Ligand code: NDP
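As structure tokens, one chain now follows by itself in the form predicted alone.
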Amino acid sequence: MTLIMKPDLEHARGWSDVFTDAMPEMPVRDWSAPGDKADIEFAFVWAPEPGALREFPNLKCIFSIGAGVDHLLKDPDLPDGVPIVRMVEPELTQGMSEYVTMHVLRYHREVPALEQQQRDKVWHELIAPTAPSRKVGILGFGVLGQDCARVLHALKFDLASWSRTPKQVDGVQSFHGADGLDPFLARTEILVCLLPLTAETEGILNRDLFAKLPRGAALINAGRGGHQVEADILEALDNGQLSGATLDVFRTEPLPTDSPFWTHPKVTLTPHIASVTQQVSAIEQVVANIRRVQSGEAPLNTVDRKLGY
């Protein structure tokens, strides 16, 4: 019984050591040196090559190192019947709530405009309302979205959520399904996208969606680059439909140096760091799920392949 590991290369150092400390009885192999592939029963991976996971005939569970699983589900040769577990761990959730709250507050208190006034040496009072008068909408209301709502609710923002199915959380107006999207957008001044990337959500951040927001709304996308029609974001920023956009994800990463997003005055750009899986807390979740599988139980946070999350 062996685990094979393929972390994101930028964050690869230390993963195997942390796992061995937490579960010393489980051998760990590196993706580049799998040895006898029949030994591999667990895979802890980020963006493996299409078809690679099918080469392990005794695979019992696939763990995604990140919260998203689109990097796995796009593999047409993904082995059938093997549970896929998305990463749900407290430090990743905490990081996302910090990121979203920071940028909601930036737009709420008009910090980008104040920073521009400082550069222009303009002394002009910009008076923001307090949080109860600011309408924030969270597009995608899973574990991450609900924790962001918890923090924003403590600050007394006027909150709404949109999800595929109804989800009732105290202090959050719930919208769901196709019929709920337009009224959700119509009341949202700061839009936070935390959707999973599926066939239904591909390109959802587009011209048509922006037109349904109040003019001058702000966008925060910490979901996936595939949600964005990037030309439509630039157009909406240039014509004033969007007053600003904070983008942590892009269709091509790293973002090409000639991208207009780098220098657009209404864009805040971050290099896919809104929330990064933390090694110790993540491995705790993986080990707990391995022990569940070993005892004949289903792992927690298993992905529904048909839904895509």
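The model shown is predicted, which means the values in this text are computed figures rather than measured ones. Numbering starts at 1 and follows the sequence shown.
FYI, the form predicted together with the ligand isn't displayed, but the following is about it.
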Contact stretch among 101-109, 74-82, 195-203, 117-125 - heavy atom within 4.5 Å of the ligand in the predicted bound form | 195-203
Contact test, all of L92, M96 and W162, partner the ligand in the predicted bound form, heavy atom 4.5 Å = yes
Do H272 and the ligand come within 4.5 Å of each other in the predicted bound form, heavy atoms counted?
-> yes
Even though the ligand is not shown here, does V143 get within 4.5 Å of it in the predicted bound form, heavy atoms only?
-> yes
Classify K167 as contacting or not contacting the ligand in the predicted bound form by the rule of any non-hydrogen atom within 4.5 angstroms, answering yes or no.
-> yes
Decide whether V249 counts as a contact residue for the ligand in the predicted bound form under a heavy atom distance cut-off of 4.5 Å.
-> yes
Just give me the single entry in L242, I283, A67, A43 that has a non-hydrogen atom within 4.5 angstroms of the ligand in the predicted bound form.
-> A67
Just one of A222, L219, L152, I233 has a heavy atom within 4.5 angstroms of the ligand in the predicted bound form, so which one?
-> A222
In the predicted bound form, residues of 229-244 near the ligand [heavy atom within 4.5 Å] = none
